[in-house]
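Here you get one chain, nothing else, as structure tokens; it is the form predicted alone.
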Amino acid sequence: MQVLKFGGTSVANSKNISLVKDIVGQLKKGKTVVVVSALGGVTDLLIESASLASKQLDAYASILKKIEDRHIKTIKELIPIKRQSRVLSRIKSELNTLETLLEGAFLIGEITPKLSDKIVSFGELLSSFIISEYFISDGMNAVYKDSRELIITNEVYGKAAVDFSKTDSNCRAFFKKVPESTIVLGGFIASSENGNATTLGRGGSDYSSAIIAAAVQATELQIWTDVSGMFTANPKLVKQARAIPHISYEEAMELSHFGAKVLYSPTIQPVLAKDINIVIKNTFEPEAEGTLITKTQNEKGKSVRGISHIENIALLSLEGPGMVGIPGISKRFFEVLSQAEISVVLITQASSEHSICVGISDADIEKAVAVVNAAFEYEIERGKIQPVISEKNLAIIALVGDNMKSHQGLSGKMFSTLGRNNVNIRVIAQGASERNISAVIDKSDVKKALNALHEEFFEENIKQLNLFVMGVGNVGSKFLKQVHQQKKYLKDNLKLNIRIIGMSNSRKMIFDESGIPLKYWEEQLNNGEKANREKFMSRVKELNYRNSIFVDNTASSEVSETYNTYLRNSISVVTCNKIACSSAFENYSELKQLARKYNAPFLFETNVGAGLPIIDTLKHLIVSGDKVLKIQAVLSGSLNFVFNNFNDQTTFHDVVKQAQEEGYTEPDPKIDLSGVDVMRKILILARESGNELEIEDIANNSFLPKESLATKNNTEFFASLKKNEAAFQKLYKTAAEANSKLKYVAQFENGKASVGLQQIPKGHDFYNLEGSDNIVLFYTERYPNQPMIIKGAGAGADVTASGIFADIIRIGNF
């Protein structure tokens, strides 16, 4: 004999019920027990109607009408017209009884637990009868049986305890004699020995099916729901979660206890003793394998089988010096919670006996605080115990697996993963069986924690990086193109999965939690909402993704001022924007400290030399113990481009215009030509060398006329270049006569820095620097005479984008 249970979503409407009939009809020959829940949502409607009636609100009648319409519509869609009359008559009779009960609650203005059970039981009574009649009308050898005649309980209404002796006897006697091959029953409902309707509490339909399966020694218990088995994590929160093919009873109980709603843990108890297998299947994907639950599972090497969580948890802590060495404190603490009917889901106690901490439901916290403080009033008044401490809006997250006890370091791996993602752990608990490791965390961190742990334990070390990109102009668009082009390579070879979750330019912004399709990003961005930096940042924080990276491709000082907020929220920052790192030393230092404190890398390789590994090389020199003595560099690719192309056959204006149009300069070319950009770069290198320096400390020997420096916009600036062409030609002629080339050079030595245009003679390392290339000479204690030289393209959208990309990959490899 097989027992099949179908939940509320599986029988929510006539279409779903027809799927149930197909599943039952395809089973092998032999007796089949079909246990069904109420039509999806009806139990909630019954509870709502009872509540309204008890408050003497007429609105209960409209809820009752809604319940009636749902069932009559289902009958008319499933049952042939010639058979409808009898079924409708029975259902309307039951609904009349339900109406009478609700009227009674309305008249007396209250509802007792006994009356509540009687009202709520109508959901399963109605659905099971309709479904049995549908099976019969379709030619199946089926029969309806009222579960209240089989399952006997005590009279603790709302969560009755089963009398297994009488229930087993009833079931064996009935199923032995019933001639039909398919028997349809309602789950969740039972009756007391006195014949009063009772219910089995949360998960009651699962429990009903397990009780019957155990009583008749069924070959298998199948639980049909709307997901394809028990998953490695909640698939609604972790998109990479997958069904677990085979799991043990104990593992299933742990996962279901910690929030895996596909199965209610007491369900397993009746079949556990009888060693009856359970299969979790999907009504809407019956061909899917599902999850097999047996006494043991033999998948060796799998330490963690699943990750689960319980939300809406509160912590209750009792502590004080008067607890140490005093027998009975724990007994009193738990006894008072038990008497108040407060369920404890997690316990931890300090070895010093100085404190006891328990996890309970958020809904019970106020009552718990009151009863515990009252119970320990004497000790609190005398200062031996402190008033109870409570914390709300928490969640429990748990790793589960039978084989965890044989694998060392799992706790460390779990906690270090959470720590890397700045998930603060409030309490830790581990059962003596070592079948689960639990931690209490902030409720807002649940999604991030689940995804981080799932990535660590289940995803073959593929690390997901979630990017939020500000600025998609020249550099930004090249960067997105590179990410799109390399996405598959990174996943296959570096085990990095890069997703762009948010994107903004100065006009529009968009977010897509599943990742913005980079093939169509321009079209999507154009149709996005109005750009707003504050809203963008709020959305990034609200999403709270693991491995979040804010990518700034702008030259905006306002955007640079948001870095500290991102870092404080454990969101890494990658930027080509030089403003933050060349701002006040206090701000630069704070950003570096925040990055360390919140474990959020702050990388800005492209601040100097675009895609050249200048800053990274400098960092390696410093951390390995070397000391920088002097830096000489040509750090402006735009200025190098300008002076490599400027001669007596061109105009300075035209060359600068060309540099701007080809993306070698900032949008405002004066930033480059005034030397401010180079000042920022040498300042950053000096700071990264370990020196405290401000931009005002740098000598700027500008070659631009004062008139050009005083301009307020690009139009005025380019006009001033035309006007002063003679002065620029004189600079060129003087250098040419000295057989030298003009290079804009930055230097740092003995704590002092300077920038300015210099005549570079033949034979110098800078003389043959072509195009927009940069070059840096690091003179250090290890390289005192022959410097370490880094040379290459130092400007341009492509190389800058590649430098940003490289920083992101560095974060992925941390």
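Model, not experiment: these values are computed from the prediction. Note that residue numbering begins at 1 and tracks the sequence as displayed.
There is also a form predicted together with a small molecule; it is not shown, and the following applies to it.
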- Would you kindly say which of Tyr563, Tyr744, Phe479, Phe188 lies with a heavy atom within 4.5 Å of the small molecule in the predicted bound form? Phe188
- Of Pro705, Pro321, Gly663, Gly203, the one that lies within 4.5 Å of the small molecule in the predicted bound form (heavy atoms): Gly203
- Note on the structure: Testing 33-41, 774-782, 63-71, 746-754 against the small molecule in the predicted bound form with a 4.5 Å heavy atom criterion leaves exactly one stretch, namely 33-41
- Give a yes or no for Glu254: in the predicted bound form, does one of its heavy atoms lie within 4.5 Å of a heavy atom belonging to the small molecule? no
